[in-house]
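In structure tokens, one chain follows: the form predicted on its own.
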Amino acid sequence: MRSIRDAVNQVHFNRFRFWFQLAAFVLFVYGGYLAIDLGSRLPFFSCGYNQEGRAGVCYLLPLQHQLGRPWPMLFTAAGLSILTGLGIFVLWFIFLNKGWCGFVCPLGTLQDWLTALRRGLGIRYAKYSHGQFKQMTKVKYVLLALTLLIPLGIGGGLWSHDLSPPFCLICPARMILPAFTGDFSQFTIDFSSKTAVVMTALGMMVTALFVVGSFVKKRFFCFICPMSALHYLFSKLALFRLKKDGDKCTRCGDCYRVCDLEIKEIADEVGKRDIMTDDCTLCLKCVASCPEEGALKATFAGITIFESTEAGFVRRMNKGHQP
């Protein structure tokens, strides 16, 4: 067991994560061609608009449709389907926590590839000030609220059905992921109504913002992602967790420097053991970059599966670890 633990802790982490992300991307963008269907309650962006290639569907799509039913239906047996769907989503989520963002989500992987392209071109990435960072982290909760409230308003007759599903109409996954299977039909503006024109045009602008923003800023979209906000509401239930032993931390700042979301608490917090914040994607780059024995660790159901070690740090540095 000791040799296995040492091998895991000394793994070339960036290489492992790259291949894991690539495999997940292929599975959830092209798995449908192999008749793989993991349901419609997935806790990441496996886009339902990628009709032929998808291996499952992001939970936000069916949730918006369910909430858009007429209000009286929400208090009948049909309303139980919302609770059932939420339960399935939570079961998926608690297995990997926000690691779904850091290792599986196709949009997250695309952002990492854009970062790799920028780095390959020698272009320096942009950084937020601490104040800007705090403001950005609030956006995802506003988007989550709108994602839930607008369908409810549609079901109550307050707004047009042309707004449904509101978040999916502006989500960059709707246009980008089908394009990987040769479907560019979503790159259009719908002129069937004024609302449709506005929403589809807004979707194209958000997609452009996703590409440009993710090129100049690591994991840009994760700051404003409503799925990330929904994750955090259930994160206390998750089995996969990020832990810190503050007594072993020297505040060298290596974990903060590699963090794509620029989370200062990862370096500064020494009092709490559970240090995952709402912006964390559980990519575990902080653990891989920490030189202190056992200062940072990833656990599953309380069992340590990956932790920082001096030997692992030295080995990864010698192999040219990239932040």
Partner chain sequence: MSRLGLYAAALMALLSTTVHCQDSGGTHRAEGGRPTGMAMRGNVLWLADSPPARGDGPPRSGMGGMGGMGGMGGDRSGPPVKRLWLRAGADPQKSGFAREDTEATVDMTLVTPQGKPEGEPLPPAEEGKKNLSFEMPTQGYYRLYHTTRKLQGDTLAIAVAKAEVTNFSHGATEEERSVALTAPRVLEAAPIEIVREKNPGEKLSFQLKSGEEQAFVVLQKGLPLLGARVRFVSHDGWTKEAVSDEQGRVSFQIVRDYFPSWDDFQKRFKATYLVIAEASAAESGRFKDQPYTNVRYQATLGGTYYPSPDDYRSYAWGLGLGFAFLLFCGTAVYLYRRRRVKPFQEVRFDEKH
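Keep in mind it's a predicted model, so treat the numbers as computed, not measured. Numbering follows the first chain given and starts at 1.
There is also a form predicted together with its partner chain; it is not shown, and the following applies to it.
> Which one, 141-149, 223-231, 103-111, 117-125, holds residues whose non-hydrogen atoms are within 4.5 Å of its partner chain in the model of the complex?
Every other range fails; the passing one is 117-125.
> For Lys236, is any heavy atom within 4.5 Å of its partner chain in the model of the complex, or not?
Flag for Lys236 set to no.
> Does Met205 reach its partner chain in the model of the complex, with heavy atoms at most 4.5 Å apart?
Although its partner chain is absent here, Met205 would touch it in the model of the complex, with heavy atoms inside 4.5 Å.
> Should Ala201 be counted as a contact of its partner chain in the model of the complex, where contact means heavy atoms within 4.5 Å?
Contact check for Ala201: yes, within 4.5 Å of its partner chain in the model of the complex.
> Taking 4.5 angstroms as the cut-off for heavy atoms, does Phe191 touch its partner chain in the model of the complex?
Phe191: yes, in contact with its partner chain in the model of the complex.
> Please identify the residue among Phe180, Phe95, Phe187, Trp159 with any heavy atom within 4.5 Å of its partner chain in the model of the complex.
Selected residue: Phe187.
> With its partner chain taken in the model of the complex, which residues across 26-54 come within 4.5 angstroms through any non-hydrogen atom?
Sequence-ordered list: Asp37, Gln51, Glu52.
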